[in-house]
Every structure is written in structure tokens, then in C-alpha cells.
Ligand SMILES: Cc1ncc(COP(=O)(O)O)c(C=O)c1O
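Let's start with one chain on its own, the form predicted on its own, as C-alpha cells.
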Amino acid sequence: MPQTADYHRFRSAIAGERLPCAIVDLDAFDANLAVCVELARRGEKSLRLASKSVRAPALLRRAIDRAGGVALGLMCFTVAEAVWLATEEGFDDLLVAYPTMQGADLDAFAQASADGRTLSLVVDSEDHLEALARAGREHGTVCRAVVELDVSYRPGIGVHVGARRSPLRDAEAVLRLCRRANVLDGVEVIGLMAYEAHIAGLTDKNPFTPARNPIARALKGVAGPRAAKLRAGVVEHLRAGGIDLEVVNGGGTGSLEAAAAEPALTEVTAGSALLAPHLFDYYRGLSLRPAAAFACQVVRSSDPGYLTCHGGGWIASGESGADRSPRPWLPAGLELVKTEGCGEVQTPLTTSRCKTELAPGDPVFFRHSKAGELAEHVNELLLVQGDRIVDRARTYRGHGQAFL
């Protein structure tokens, strides 16, 4: 059985490593990258990699190098991260997806821009624009801004389905902010970001919430075309108003195929797809290979049919629920104990369905619910091919960095 073979090769690869540790299966990583690249290429889009979902410069570099010119830049989650990646790690074309008003951030952003780095910062208000423009003037440069459009689904008064992000919800509001930028020295609007979080982040074959799956599918069927229409309309309205954009960004792993087909977008974003955490098993039409896992050692057995691992409680952010917990993956057949779940220092598992004999000291491999958060728990990711560790990729934590 393939899962049995995977368990034995991963166990062989990490023999002698201190546990817990985290691994990335490079063959699966490359295969998942190829899926993203093909979708972007088919839609004549460039691919922007979400650094938040990887958090290891060596793996980001591998993805760019192997994308055949399709992956051209990164989407970052803080200014400090983007500046570090640009100045210390040699990356360029970095879009920071979240605004900031901190003076230190804006100074660092403007200085990196003045030094010739291509950085862009998301804004959605005059306050954001003016603060960014002021930093640009102080550093003798023009800072690049990307205006964020909210494309959440709002079918009626008081109804909001989607992430609480930008207050800009129509073409005229975006155009007003762009025109405000035109009269400010030190800043220019070069793009539009319109992320459909309510589609990309919505599972629709989730075994933990089966009653919600038909509702999720119906919502996607209505909200997806609405978001696409809104994006296209805003781009056309801006063009008619004399605003031509270099970048129009949308998409995420959970909506990559549909977003890549939209003519209005110039680029699509993906990151979680590369590592394929277990949350992305719960999307229809998304076929990815598990590429990342962490291993904890078996340390004891309290009763027949049970074993206990040391650690394991690497819980993901987001709405609390079973799908935010790590899941035992290899060997197959292990299950969490519902009354305990994944614990900070111990995780008991039931073994009645597991065909592999495990003893104290053996590893159990878990898949995290989200991709990048795995990297916050370890200093390095062990890069595995076959049954060997072929390299080690330092995470942000391993580089001594903590950005958020």
C-alpha cells in the first residue's frame, strides 16, 4: 500500500533526528507547484507565491526557480518580512498584502524602495496613502501602492459573507482613492488587489461539517461569478478614468482554477498548494499531494489499543473546529482521542484501525491544518526525497525572525 511505503521511507529518512521534526516531500512539493503553474499558464497569468504559506526562503526560491518564469514575485504578510526577504535573501517584486501605519515599517519600506527594491504595499484609505506618501517623500522615493477592493458577498442590508478586509466595495470608491494618490507626492497606485477569501477559504467537502457542504457549494456558485464581475467592472471603470494598472491580483489555493481564467486579473496567488496541508483535502476539484508533515515520537501506551505521542498540539488559526487540528497521517489508521485531541505535551491516539505495529520511540507523522504555521514550530524543514534527507531549509524562526 502506498501509505505504508510512505511511512517506512519517511521513518527511514528521519532516523536519528530529534523529534518533533518537520519534513517536506520534495517530489510532492514539485508536483503541487506544477499544478499551480499549469493553471496560471493556461490563464495567461503570472503566479505570485504567498510567503505566509511557506515561511522558508529556500523553498520559496526553489518554487520560483522551477516555475519556468511563471512565478515572478511574492505576496508577503508584513513589511518587515518583505524588507528582510528583499535585502537579506535577494527576493524582488514583493507585494505586502496588509496595510500598516507604523512609522518603522513605512520608513523601512521607503528606504528599501529608494535602494531599488520593488516593493508594493496594500492600502484602502486616505490615511494609508498619506502615511505611505510621507515616508516616500522623506526618503526621496515614490512608494508603490496597491488598492484593495472588497469582493465579499453582500446580498442584502446587514449581510456580509467573507473576510473583514477593505472598506472599498465599488468602482467609484476605488477610483476616488486612486485620484487622491495622483495628487500626493511620494506615492503611486500601481495595482488592485481583490482577494475572494470567502471562496478561496471555504471548504465544500469537509468531513467535520458535512451539513455545511451543500450550502458552501451553493454560495460559491453565486458569490464566485459576482466577485469576478465586480473585479472586471472596477478595472474597466479605472481604465475609463485614466487609471491603468500594472497589477490586478486575485485568487488563492482554494479558488486558483477559477481566478486564473478571469481576463481582468494579471496574476493569481497561491502558497498553501505547495505544501497541501490537510485543510485542502476538503475542496472539490482540488487535487494536491500531501507534501509537509511533522513527526512526534511514541512514548507510551496507557491501555491496549492506545498509544501516546509526545507533543502534537500545533493548532491552526481561524475559526475553531476539528479541521483546525493536526491529523495523524502515517501510519494510516491512527485516530485522535476526542476527549483529548492534540495536546501541548501529549497526544493520545487509538490504534484499532492501524495495521502497523508501533513501539515507543517510533515516529507518527501528522499533517498540519494550515501550511505556513507549521514553520513557526521548527527551526528547519527536512527536505526528503525517497527515503533520504537531501537538504535542510531554515524557516523564518530558524533565521531568528518573527514577523507577526
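In this text the structure is predicted, and so the values were computed from the model without any measurement. Numbering starts at 1 and runs along the sequence shown.
We do not show the form predicted together with the named molecule, though everything after this point is about it.
Q: Just one of V123, A110, M75, C296 has a heavy atom within 4.5 angstroms of the named molecule in the predicted complex, so which one?
A: After the contact test, the surviving option is M75.
Q: Of the residues V378, A50, L39, A67, which one places a heavy atom within 4.5 Å of the named molecule in the predicted complex?
A: Residue within 4.5 Å of the partner: A50.
Q: Among 316 to 324, 245 to 253, 176 to 184, 258 to 266, which stretch sits within 4.5 Å of the named molecule in the predicted complex, heavy atoms only?
A: Careful reading of the contacts points to 245 to 253.
Q: Would A270 count as touching the named molecule in the predicted complex under a 4.5 Å heavy atom rule?
A: The answer is yes: A270 has a heavy atom within 4.5 Å of the named molecule.
Q: Give a yes or no for W329: in the predicted complex, does one of its heavy atoms lie within 4.5 Å of a heavy atom belonging to the named molecule?
A: Contact check for W329: no, nothing within 4.5 Å of the named molecule in the predicted complex.
Q: Should R165 be counted as a contact of the named molecule in the predicted complex, where contact means heavy atoms within 4.5 Å?
A: Although the named molecule is absent here, R165 would touch it in the predicted complex, with heavy atoms inside 4.5 Å.
Q: Is F91 near the named molecule? Define near as a heavy atom within 4.5 Å, in the predicted complex.
A: Although the named molecule is absent here, F91 would stay clear of it in the predicted complex, with no heavy atoms inside 4.5 Å.
Q: Given a 4.5 Å distance limit between heavy atoms, list every residue of 94 to 110 close to the named molecule in the predicted complex, or none if there are none.
A: Stretch hits, in order: A97, Y98.
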